[in-house]
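A single chain, nothing else alongside it, follows as structure tokens in the form predicted alone.
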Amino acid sequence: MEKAWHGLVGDSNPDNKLLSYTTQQDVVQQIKQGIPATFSLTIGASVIWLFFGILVGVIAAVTAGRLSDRAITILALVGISMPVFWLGIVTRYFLAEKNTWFPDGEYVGLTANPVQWAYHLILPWTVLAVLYIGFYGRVLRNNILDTINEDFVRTARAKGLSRREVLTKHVLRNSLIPVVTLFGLDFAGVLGGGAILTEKVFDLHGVGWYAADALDKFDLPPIMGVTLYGAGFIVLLSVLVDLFYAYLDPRIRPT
């Protein structure tokens, strides 16, 4: 009986590939097809949220206690509190459906048309980045305010360095270490298919969209494949983050 079962499995799947229960398609191949859209979404959104997150954090720290700091805090809390799917639906409706200022979803390959590639991804990039900008800004603001009181900052000031040099070369560089940790984990999570809601709302057939479709159908093999795929990126990015620590903080480098 067992030999007959193995023979039946071998006949239907001679290469022992991980196949979907519903479509009988190769899971690895389907993930590979979704990688370009997911990579494009992740890289563009991460550049936006990292740049504006650092900018917001520095401005809030420099103007701590002032009106601008409080306004940034309120905007950051609003951005963090807005659900991605809600913001995506609202922006798609008003900017792509009601007013055709942007494309209504879908994905255009970078090699096919670079201009249309960026044009189709502006809304997904923005919607996904809003979630992280406020959080990164608040984390960096608190780190900068804590680092300002460190002994090495006082030493730098005593040497006669300007305020800008102290902020950029000493305070900001050391304050970025927790942000780098967050960025590595968030980037790996989104790259590993974590942007399920964004890809689903904007009809981007990436890894996240593939995982959401598998969840709707209770299709176990694609879920397993996407999980392993995402776990691999988390491990890889964690190693790269640890290596980058040594660049930011010389005290971490091996002697």
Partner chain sequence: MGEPATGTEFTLDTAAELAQVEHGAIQGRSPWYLAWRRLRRNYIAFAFLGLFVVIVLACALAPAYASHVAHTGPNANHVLDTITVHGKQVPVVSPGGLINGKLVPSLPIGPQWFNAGGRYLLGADANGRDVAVRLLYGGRNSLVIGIGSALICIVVAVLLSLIAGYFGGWIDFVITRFYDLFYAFPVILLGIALGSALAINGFHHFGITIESGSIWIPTLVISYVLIAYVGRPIRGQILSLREKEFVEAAIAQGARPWRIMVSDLLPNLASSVLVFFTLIIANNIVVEAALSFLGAGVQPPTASWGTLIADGQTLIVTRPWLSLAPGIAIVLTVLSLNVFGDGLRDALDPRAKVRIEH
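Numbering follows the first chain given and starts at 1. Every value quoted in this text rests on a predicted model; they were computed, and no experiment measured them.
Another form, the form predicted together with the partner chain, is not on view; read the next lines as being about it.
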{"item": "Stretch in contact in the predicted bound form with the partner chain, which is absent here, among 115 to 123, 165 to 173, 134 to 142, 152 to 160 (heavy atoms within 4.5 Å)", "value": "134 to 142"}
{"item": "Of 27, 60, 197, 41, the one that lies within 4.5 Å of the partner chain in the predicted bound form (heavy atoms)", "value": "197"}
{"item": "Partner proximity in the predicted bound form: residue 51 to the partner chain, non-hydrogen atom cutoff 4.5 Å", "value": "no"}
{"item": "Heavy atom of residue 235 within 4.5 Å of the partner chain in the predicted bound form", "value": "yes"}
{"item": "4.5 Å heavy atom contact, residue 68 and the partner chain in the predicted bound form", "value": "no"}
{"item": "Residue 83: touches the partner chain in the predicted bound form, heavy atom cutoff 4.5 angstroms", "value": "yes"}
